[in-house]
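In structure tokens, the next block holds one chain alone, the form predicted on its own.
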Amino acid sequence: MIRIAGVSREIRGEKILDGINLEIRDGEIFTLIGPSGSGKTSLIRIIDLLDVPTAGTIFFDGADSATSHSGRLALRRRMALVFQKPAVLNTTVAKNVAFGLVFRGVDGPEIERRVEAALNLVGLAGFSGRRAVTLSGGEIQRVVLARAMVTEPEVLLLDEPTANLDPVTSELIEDLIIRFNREFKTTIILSTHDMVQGQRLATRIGVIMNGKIAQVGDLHEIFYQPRGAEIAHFVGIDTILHGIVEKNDRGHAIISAGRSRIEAITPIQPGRHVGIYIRPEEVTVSSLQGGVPAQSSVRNRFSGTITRIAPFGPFIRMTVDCGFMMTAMITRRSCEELGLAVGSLVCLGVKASSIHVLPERP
């Protein structure tokens, strides 16, 4: 287990990390997400002992990393780090992969065996004699992953591992990351700004903002129960309303939000100011043909006009003016079948159980 205790880092008077406290469990994929410049790479480098924190320390299985040079080197050899922009030596693929083993004094036959196994693992069998610098970006990334895994690390750190790759290659690399974790029980710590990647890979997620850990939790907690507006915006929640709980009957609340009344499941009692968070994929959309909404059992229903439609991968993300702005996401096919366009009248529905409510100060 890795325990990060009160870690801060300053560079030329600027605080890059501020009092980070975090635990990484053995065998998990822990994903750090956050905006560019939030401190993800700095934290990865400190965990790998490449950089020294201004304050705080890192513990590995209870051992303090603030030790002698030889002690830090021993800890570093239990880990491997893959940078966002991988670098390869201008030599063969085999020599690139063998680099860490040579430094560890592993004998020739064992190096050959392990390099071959590592290249097979990442799908580059037969590439041993190729010159590494002539490979494609995706192939280079796999060479670097093989170079990391050939040393059999307990901890693999990945800094934006697919940032510069196309979607097909990114999926291949993600599959390899999952395979490393499952087959070798490797603890993996990776940073990413890709929300889909964060959801697909992570056992747990840490949100880092402005050099601080804003929230730690599983996929559902981070993406569906964010602890505040800044996190909510970052994980894709555009519809954030503010209101006051009018009444609450055994957890079923009525919330006044401007001219709207919203039903939600929350223990928050009447009189409290609250934030109301609605994920776009939780919103159903139906056409208001003839001004009559389709029949539905959904408690929260709002009529409005589409003000913006934008493609979002295989989906359509739309903004609807319901007296307040609400974002919804539906498939392209649904959008076409409903004949929706900017200016169309629609009815939006949201289940009470799909709304996340947080208390706010008055």
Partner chain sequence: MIDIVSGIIKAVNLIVTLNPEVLQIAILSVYISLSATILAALISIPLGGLIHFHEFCGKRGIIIGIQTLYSVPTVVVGLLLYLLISSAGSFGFLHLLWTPSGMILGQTVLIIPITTGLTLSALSGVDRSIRDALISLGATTLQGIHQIVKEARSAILSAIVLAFGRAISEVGVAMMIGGNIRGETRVLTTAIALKTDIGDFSFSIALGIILLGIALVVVLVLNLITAGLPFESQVALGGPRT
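Positions refer to the first chain, counted from 1. From a predicted model like this one, the values you see are computed outputs, not experimental measurements.
Although it is not shown, the form predicted in complex with the partner chain is what the next lines describe.
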Of the residues 310, 55, 63, 50, which one places a heavy atom within 4.5 Å of the partner chain in the predicted bound form?
50
Name the single residue among 127, 184, 99, 224 that comes within 4.5 Å of the partner chain in the predicted bound form, judging by heavy atoms.
99
Residues in which of 244-252, 226-234, 176-184, 74-82 have heavy atoms within 4.5 Å of the partner chain in the predicted bound form?
74-82
Flag residue 88 as yes or no: does it have a non-hydrogen atom within 4.5 angstroms of any non-hydrogen atom of the partner chain in the predicted bound form?
yes
Can you check whether residue 114 is within 4.5 Å of the partner chain in the predicted bound form, heavy atom basis?
no
Indicate whether the partner chain has at least one heavy atom within 4.5 Å of a heavy atom of residue 142 in the predicted bound form.
no
State yes or no: in the predicted bound form, is some non-hydrogen atom of residue 279 no more than 4.5 angstroms from a non-hydrogen atom of the partner chain?
no
For the stretch 145-176, return the residues whose heavy atoms include at least one within 4.5 Å of the partner chain in the predicted bound form, in the order they occur.
147
